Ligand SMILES: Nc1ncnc2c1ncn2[C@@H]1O[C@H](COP(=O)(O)OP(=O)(O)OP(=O)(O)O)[C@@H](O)[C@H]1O
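Coming up is one lone chain in structure tokens, specifically the form predicted alone.
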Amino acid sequence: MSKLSSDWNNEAYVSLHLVQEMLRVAGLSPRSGYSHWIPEFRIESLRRVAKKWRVDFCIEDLSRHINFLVEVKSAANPIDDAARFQLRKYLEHSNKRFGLLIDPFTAEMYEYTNYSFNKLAEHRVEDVSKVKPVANFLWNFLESIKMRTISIHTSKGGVGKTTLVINIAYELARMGNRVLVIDLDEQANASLLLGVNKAEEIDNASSLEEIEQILDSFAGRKELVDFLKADKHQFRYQDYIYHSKFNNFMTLYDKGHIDVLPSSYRTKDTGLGDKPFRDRLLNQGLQSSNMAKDYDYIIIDTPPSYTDITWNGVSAAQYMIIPSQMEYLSAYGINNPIKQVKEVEQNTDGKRGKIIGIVPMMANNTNLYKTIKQLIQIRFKHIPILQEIKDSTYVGESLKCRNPMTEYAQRTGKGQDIAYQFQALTQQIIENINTIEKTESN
């Protein structure tokens, strides 16, 4: 490395000519619909201490749901153990998980979780005049820990949306992914099927009074509506998450699992009270939860209604899948989700609001099915038609047993073709997302 000029002894100079350029080249704008820089970020719990308890930057990467702190050092005062101790203190008291230490020689990325402070990655700055290598280091790190968020959304009920949610979640988990299902629908069918809403107790209830008692027990449980209303600066997302009973179907060789942020009859707009920006609360919760790195995929089950709760699911997702039957009313219902996601895309400069495709549900060989499918292909020619899911009584039987289709087919020998369709669809979704992200990175 060539000898540095004395300018690099000044932290402000390092910030302007290395750090800020690195952030821009890595695709993080100072203030946009997908990223924010907060300079001189105050650590609120340390505000009564000396002014030094301000970190140089807090970066909000809104497109990936990741926040991280940046502490800048100079050539005269480079990264050392005192700087690492300081960053640990910042992370501990700011409820942030990731922090970057950077000087003209080195960039070090750290994680603070469960009272443990660990270096995750390091990059040697060979030439401060060439920002791209260190920007690539940051970009690659952020990509390695990001969650992919997918909403399953349609404006018409009864098309098999929740069936799609639970089976995609299960197939992703079988592939070794860590999956979180967020249930935004007050009917809470996804929560029920995934085994976190006392389905067995409800099945065994002998009277309406017993069912009411079971439902009343949800009033004291932390769930979706509580997550949305929680203080975004002081909360543990784990308090709202429950393990799905689908995990019991995983073998010893499966590394994936499914968790659930459940819903219930409490999931209504009125349950949000007078919270400001009511349509962005889920997005804020995911952003501030430090959840990034713990899940590979978040699948959001949205209600078909047009409420603040619905908008929370649409605006928090990077991607959208639209399930639809190939019949007139369902096909007409494709328009509204497309309009909603277009608004999200515009507000985030194209970083979110990407439609992966339309999934034909309850498919058959009738002329009506073929005609509507052809009309949809013509009308929405820019949106892929994904693997269809055939109409089958076995789907209903698997739901009645609260089994994912693949498990039901393996256990009973029935519906193996439907199980394969869910598997093929999930693989197609992954491939389409990878293609989108590869195109964006070039």
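All of these numbers come straight from a predicted model, not from anything done at the bench. Numbers for residues come from their place in the sequence shown, where the first is 1.
What comes next is about the form predicted together with the ligand, which is not displayed.
Listed residue (Ile43, Val395, Ile59, Ala26) with a non-hydrogen atom within 4.5 angstroms of the ligand in the predicted bound form: Of the listed residues, the single hit is Val395.
The unique member of Ile383, Ile38, Leu399, Ile376 whose heavy atoms fall within 4.5 Å of the ligand in the predicted bound form: Of the candidates Ile383, Ile38, Leu399, Ile376, Leu399 is the one lying within 4.5 Å of the ligand in the predicted bound form.
Contact of Glu223 with the ligand in the predicted bound form (heavy atom, 4.5 Å): So Glu223 does not count as contacting the ligand.
Any non-hydrogen atom of Gly176 within 4.5 angstroms of the ligand in the predicted bound form: Because no heavy atom of Gly176 falls inside 4.5 Å of the ligand in the predicted bound form, the answer is no.
Residue contact check: Asp391 to the ligand in the predicted bound form, 4.5 Å heavy atom: Asp391: contacts the ligand in the predicted bound form.
Contact label in the predicted bound form: Gln187 to the ligand, heavy atom within 4.5 Å: Answer yes; at least one heavy atom of Gln187 falls within 4.5 Å of the ligand in the predicted bound form.
Which of 126-134, 347-355, 155-163, 240-248 lines the interface with the ligand in the predicted bound form (heavy atom within 4.5 Å): Partner-contacting stretch among the options: 155-163.
Residues from 291-310 in contact with the ligand (non-hydrogen atom within 4.5 Å) in the predicted bound form: Sequence-ordered list has one entry, Pro304.
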